[in-house]
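There is one chain below, alone, in structure tokens, taken in the form predicted alone.
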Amino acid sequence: MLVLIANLGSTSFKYRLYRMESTEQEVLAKGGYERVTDYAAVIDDALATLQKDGVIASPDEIDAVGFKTVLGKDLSGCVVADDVCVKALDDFAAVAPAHNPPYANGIRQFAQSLPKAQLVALFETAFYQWVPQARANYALPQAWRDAGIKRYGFHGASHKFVAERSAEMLGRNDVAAVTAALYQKGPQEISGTPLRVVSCHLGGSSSVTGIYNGVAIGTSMGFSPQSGLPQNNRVGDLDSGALPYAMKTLGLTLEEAERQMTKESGLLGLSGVSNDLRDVIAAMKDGNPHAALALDHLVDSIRHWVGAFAWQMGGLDALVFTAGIGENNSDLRAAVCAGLENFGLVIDSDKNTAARAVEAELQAAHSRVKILVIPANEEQVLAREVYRKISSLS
């Protein structure tokens, strides 16, 4: 099966073409375009390039196209990317303005350019469909909740991959099998000792998710990617009363306040140095107190959510780091794990220093809790889920 993964940004289009055999995959080609103004033109150009380069004899050879959609109103999961899917994206375009319109337009265009291919959307919210209602809802009036305001969660493809791979690494193939089939069969009962994992997706955009027997039980992000941990430019969690106060006190319009919270906050806002954690850490080591505050705030927020989910699950079997910062930044991993020896979590400093963007175990020999690094490849995750979805339809 040939599966094309389409990554659509507000002004960019990137793609990878996979040959899928079961859930094993081979990358046949990849490419991308920046400063896109006409998606129809670049999509047709990409298909023509694949044919010209001899990767495919005809675009009709492509069996499926996968889209890593973000947020749909009244729709989640791994679904056929049809008119219902496009409407769900359109209805929440105001909540995810940088992502939903490009994906809605891309799905429409691929339906025209590849009429024989099956189009599949994997929503970033999909992994959180089974989070208990007490954790999925805000304490809001019914009318607000009816309008779709709830905790959705994001980075679902990354956290689901962590759930599946961490179970395999811990010798729990029963749990891995449940996670693999989650979008086709839903959660399944697991006999014996439960597997309790907390996944830390740490990058330019970050979130922490609690995973019990391969299924998410909660996550740090909520209604939008604005919430949870401090992001590179975004504030993360904020008391709702702060917004009207800042608008009145600083004389800000709603649009300007929102711009500052999404463009000038997070690591950049606290440090005053950069939105890149590497620059923040360098400034901290040079004695910059604002940079030190930014790092301390990020670490404190990560530990807060890890602790919350470990407590909710009644313990912790594995702590996992993934995404750009989680996979590469040993200083941050050490800070997150510091002083937790009495909880059975002990990091090995040499293993931690040596691990960069590779799958690894970081715990000391006497640590009761595993500490894992699992590199993320969201295109690969999406290709697998597209294959599973199409296989379930046949």
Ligand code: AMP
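For every residue, the number given is its place in the sequence shown, counted from 1. Given the structure is predicted, the values throughout are model-derived calculations rather than measurements.
The following text describes the form predicted together with adenosine monophosphate, which does not appear among the structures shown.
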To test your reading of this chain, name the stretch in 270-278, 140-148, 310-318, 105-113 whose heavy atoms come within 4.5 Å of adenosine monophosphate in the model of the complex.
270-278
Taking heavy atoms and a 4.5 Å cut-off, does residue 215 contact adenosine monophosphate in the model of the complex?
no
Heavy atom of residue 328 within 4.5 Å of adenosine monophosphate in the model of the complex:
yes
Non-hydrogen atom contact residue 77 with adenosine monophosphate in the model of the complex at 4.5 angstroms
no
Is residue 101 close enough to touch adenosine monophosphate in the model of the complex, meaning at least one heavy atom pair within 4.5 Å?
no
Which one of 203, 187, 194, 222 is close to adenosine monophosphate in the model of the complex, taking close to mean a heavy atom within 4.5 Å?
203
Can you work out which of 323, 126, 229, 180 has a heavy atom no more than 4.5 Å from adenosine monophosphate in the model of the complex?
323
Taking adenosine monophosphate in the model of the complex, which residues along 349-364 bring a heavy atom to within 4.5 Å of it?
356
